[in-house]
Ligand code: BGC
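Just one chain follows, in the form predicted on its own, and it is written as structure tokens.
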Amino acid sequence: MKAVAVFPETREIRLIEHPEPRIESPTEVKVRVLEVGVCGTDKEICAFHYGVPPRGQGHLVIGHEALGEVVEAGVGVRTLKKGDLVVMTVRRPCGQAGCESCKIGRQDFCFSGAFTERGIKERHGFMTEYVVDDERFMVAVPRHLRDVAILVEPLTIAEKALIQVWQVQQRLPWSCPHAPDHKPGVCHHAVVLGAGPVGLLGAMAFRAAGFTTYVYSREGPTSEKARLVESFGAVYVSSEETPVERLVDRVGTIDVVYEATGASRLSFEVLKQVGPNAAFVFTGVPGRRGSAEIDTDLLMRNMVLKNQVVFGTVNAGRDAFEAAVRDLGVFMERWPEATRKLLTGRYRVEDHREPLLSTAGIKAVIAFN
């Protein structure tokens, strides 16, 4: 079958013939891949910054954002059947006896670091025609979300962040019970850094949770992304007009920051501006840029005196995938046009190099169907 793979030793990206997988255990499911999303991680793997093939192999089949259709289910499968649409989680357990997280299916919090990841680390990915995996790593998607379901995996980044924000903020009286809308984010201001797919989906998730949401990005105030942000009820703030030190003047008290840029200098400048009891969520991984000077005394003083919390989040568990499916349904009810506009290009697998090696558009998709 066809697959897109990278060869790190020779620094090649090729469409290859790859063995078609077969079901080998009762709880495995065979899936025909319909679409694979392209993200920044894929592009960095294709630039050979990272990406590790399975042991003993010289290539890695890439792709970790996938939508597929079940074509066969093992005799022990209970939750899926032929014809179901599914998305697949990315990380697989480390299998080490001392890792309590992996033992209970929370490999997104693996202690050992010996986990594998489909299409990223030591396990082939989804940019191929068929995939076999255990049913516990698959989440069903309603048929009416077929056209946008490829957005589930990138949305899980925000969903996992929100799950942790709710848990962290139980430390204080943070809800707003007197508000007419009892969604948990009501009465609070969220700032999303970046207007890429992760940032835009995050902004939608924060809006759906009731936050007054601001997207801070470098595109101009009349850009297409600015209009897209405003179409789902968030506020776009351009760094061209508003420098970081004036962000509070525009937003008011900043209660949550959802970082989706990987830009460390910008992130720590914004961290200086967050308010009392705030939570700052890092999701990006900085590239190999020069180091930045930061005022560590100011940051530490703020964190202590203002009860601030800073945490990072990576990958996602099943709970975040299920939340992403639910919220994507909400997005399509409330903002169907804006949600569809996040998908800016579909490509045949034969044309894989264009989306993998370019930076145009918001979310590119490689379609096998």
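Just count from 1 along the sequence shown to find any residue number. Treat the numbers as computed from the prediction; the structure is a model and nothing was measured.
Quick note: we don't show the form predicted in complex with beta-D-glucopyranose (BGC), though the next part is all about it.
Student: Can you check 249-257, 269-277, 153-161, 223-231 and let me know which stretch has heavy atoms within 4.5 Å of beta-D-glucopyranose (BGC) in the predicted complex?
Tutor: Checking each option against the 4.5 Å cut-off leaves 153-161.
Student: Exactly one residue in M332, L34, V314, V309 has a non-hydrogen atom within 4.5 Å of beta-D-glucopyranose (BGC) in the predicted complex; which is it?
Tutor: Only one option qualifies, and that one is V314.
Student: Out of H189, R207, R123, R91, which one falls within 4.5 Å of beta-D-glucopyranose (BGC) in the predicted complex, going by heavy atoms?
Tutor: Selected residue: R91.
Student: Using a 4.5 Å heavy atom cut-off, state whether N302 contacts beta-D-glucopyranose (BGC) in the predicted complex.
Tutor: So N302 does not count as contacting beta-D-glucopyranose (BGC).
Student: So, C39 and beta-D-glucopyranose (BGC): in the predicted complex, are they within 4.5 Å at any heavy atom pair?
Tutor: Flag for C39 set to yes.
Student: Is it the case that E117, even though its partner is missing from this view, gets within 4.5 Å of beta-D-glucopyranose (BGC) in the predicted complex, heavy atoms only?
Tutor: It does: once beta-D-glucopyranose (BGC) is placed as it appears in the predicted complex, E117 has a heavy atom within 4.5 Å of it.
Student: Going by beta-D-glucopyranose (BGC) in the predicted complex, which residues of 212-236 come within 4.5 Å of it through any heavy atom?
Tutor: Nothing in this stretch is in contact.
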